[in-house]
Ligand code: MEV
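First, one chain by itself in structure tokens, the form predicted on its own.
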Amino acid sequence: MKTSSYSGFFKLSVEERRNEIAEFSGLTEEEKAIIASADTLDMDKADHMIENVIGRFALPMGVAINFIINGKDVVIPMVTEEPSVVAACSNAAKMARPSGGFTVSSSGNVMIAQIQVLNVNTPFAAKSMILEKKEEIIRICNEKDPVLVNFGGGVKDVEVRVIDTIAGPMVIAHLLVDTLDAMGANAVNTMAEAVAPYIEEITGGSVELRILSNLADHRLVRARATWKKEDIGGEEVVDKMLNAYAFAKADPYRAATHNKGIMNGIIPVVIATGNDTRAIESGAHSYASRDGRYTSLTTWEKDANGDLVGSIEMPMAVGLVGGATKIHPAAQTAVKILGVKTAAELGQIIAAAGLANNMAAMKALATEGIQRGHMSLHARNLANTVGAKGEVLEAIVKQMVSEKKVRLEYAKELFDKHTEK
């Protein structure tokens, strides 16, 4: 497998698929075994990752194929329980290939630590006091992580806001910390803790919360792609998809589901690489509300040729250093499959996966409806649940879909009839 484009990949056996990905990514036999085994995470490692461990929990890992990202073929590992997500992502990427695939970029790796200052009589004067001492604040913070600073990271700037709350005015100082290839929660929280007494001293206020913000709007990723109208069903389909986007942009009820479709592509890659799904979700949805109303994370347009152009911009606080990424063997192998060397590269690929899934969902909604694609996959899951395998499974799936009776009890009825023969 020399490119990420592969015809009939889904028809291969699991072992054949794994061998193709191993060839593409240069996986060793040990790494192939890691992604093949549900016991990759041994009990001792699991017991040290969280509290009160009683076992482990496995989910399927698939790969989204057909991606070209910044001119490079990429295979994207995805861990999810939801049918159709991997196929949809791969299909959207395939339709984007004739236009060169996805172009991605990012704004850097700066995270925000918030320091809440209360009981200040003159909050705007306190804001000035903090900014006047910015260099000393930066020095105190960076002393707490000399390794990060030596590699070019650390606190780069300080911002201060005065906000009105039901508890009165508050002075909120932001430490802008370049965390490089780490997600950075521990680093920024440690710095906020360290500088809090000094901020109390210069403002005369009292510091309470000292914690990072998951609205990482200094750590944005962007992806864009063009889908030629003839590759997605014509200009009428483009127009229908733009109508679907207009609905999501205007209505938060629709935007919630529209953005869920984006996260269908994003979260499986975040899980596969051992990153924090809750941080990504909270950052995404707060960013979608940044103008005071919840709206679409993506933007869709039609160019002069009548082709569909999609783009996405959102926070992406992922890392390659620390956390489960460095503990979980399967996460490390997923990173190798991606071929990324920096957190910025990882975030950019994740954004492309989110844009691809959004495109696939909108196209399905604007044409055949979302259920058609889901129906076959759901039928397959139900047939598998009742114990069907091989030709019997395929026959049950075909009958349920053709009759539009995709229900567990009907799958059981059909399975019983086949086993009686």
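Owing to the predicted nature of the structure, the values given are computational and were not obtained by experimental measurement. A residue's number is simply how far along the shown sequence it sits, counting from 1.
Quick note: we don't show the form predicted together with the ligand, though the next part is all about it.
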Within 4.5 Å, heavy atoms only, one stretch in 347 to 355, 308 to 316, 153 to 161, 253 to 261 touches the ligand in the predicted complex. Which?
253 to 261
At 4.5 Å between heavy atoms, is Leu382 in contact with the ligand in the predicted complex?
no
How about Ala361: is it within 4.5 Å of the ligand in the predicted complex, going by heavy atoms?
yes
Heavy atom of Val386 within 4.5 Å of the ligand in the predicted complex
no
Please determine whether Val392 contacts the ligand in the predicted complex, using a 4.5 Å cut-off between heavy atoms.
no
Answer option from Glu200, Asp73, Glu82, Glu301, heavy atom within 4.5 Å of the ligand in the predicted complex
Glu82
Counting non-hydrogen atoms within 4.5 angstroms of the ligand in the predicted complex, say which of Ala46, Leu365, Leu27, Met375 makes the cut.
Leu365
